[in-house]
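Below sits a lone chain in structure tokens, taken as the form predicted alone.
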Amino acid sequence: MKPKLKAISRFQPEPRETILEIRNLRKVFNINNAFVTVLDEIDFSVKGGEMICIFGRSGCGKSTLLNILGGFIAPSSGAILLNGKGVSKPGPDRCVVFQEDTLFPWLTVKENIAFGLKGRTTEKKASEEEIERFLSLVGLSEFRDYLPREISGGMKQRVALARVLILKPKVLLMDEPFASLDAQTREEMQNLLLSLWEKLSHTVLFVTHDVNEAITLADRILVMGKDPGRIRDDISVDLLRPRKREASEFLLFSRELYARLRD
């Protein structure tokens, strides 16, 4: 499955020790008085600084898995360990970016980014400097005083990214955040995410059903099957960054990933 390539990338943070462990995770829902197993035997680990794409067809349980990792849904069995400690509820150590931007419509771009810092003991000057830093990182310094309704969908997702990254989460969970964007904006957002990852070295779990997106972003791709949702493959993407979609190695990887999805 994996192309015979082994390239070191200047854009890839060196993975550190394992920070997230998912052990024999299982999720069963009661639907119309029938028990339906949505996830079963989910086992994998994540190292600090890794970019992992959770990839599969619609209905395979990708979003359910992300919601469990975020602490929004309890698993039926199994364990999630973050730095060796069990995860049972949402927390600032795991921040989520959804497909919908979920911005506060009455707050400006700057106020949305600053919202997560409310209640923290950081000095006002240091907070202001950090907010300005993240406005610059996502290219929105000139739009700081705009309301969400006054900016584009891509800009809204930039705000959503900055709003969670300013909290410095241990793990960033992303649930198809660019799926509703047009092709050009989607590619721009993928490049922005990689640029931020290069600068900040955060750990990312990114849900997608798009083959090219998975190959463009991931260090590893977890391919999920369905009925019930299980991880069928854990594939290392050893392609040089930045990855060019027209390159023969990329196209080969894409064809093989499509074939694996159809198996």
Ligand SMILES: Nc1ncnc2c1ncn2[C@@H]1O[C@H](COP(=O)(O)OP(=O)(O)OP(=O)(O)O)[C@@H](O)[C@H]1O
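Computed from a predicted model, the values in this text were never measured in an experiment. Sequential numbering from 1, following the sequence displayed.
The discussion below concerns the form predicted together with this ligand, not included here.
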Practice prompt. Look up in the predicted complex whether Asn212 has a non-hydrogen atom within 4.5 angstroms of this ligand, and give yes or no.
Written response: no
Item to complete: Please check if Arg232 has a heavy atom lying within 4.5 Å of any heavy atom of this ligand in the predicted complex.
Response: no
Worksheet item: Does Val204 reach this ligand in the predicted complex, with heavy atoms at most 4.5 Å apart?
Response: no
Practice prompt. With heavy atoms only and a cut-off of 4.5 Å, decide whether Leu194 touches this ligand in the predicted complex.
Written response: no
Worksheet item: Out of 232 to 240, 31 to 39, 212 to 220, 195 to 203, where are the residues with a heavy atom within 4.5 Å of this ligand in the predicted complex?
Response: 31 to 39
Practice prompt. Any residue of 46 to 82 with a heavy atom within 4.5 Å of this ligand in the predicted complex counts; write them all down in order.
Written response: Arg57, Ser58, Gly59, Cys60, Gly61, Lys62, Ser63, Thr64
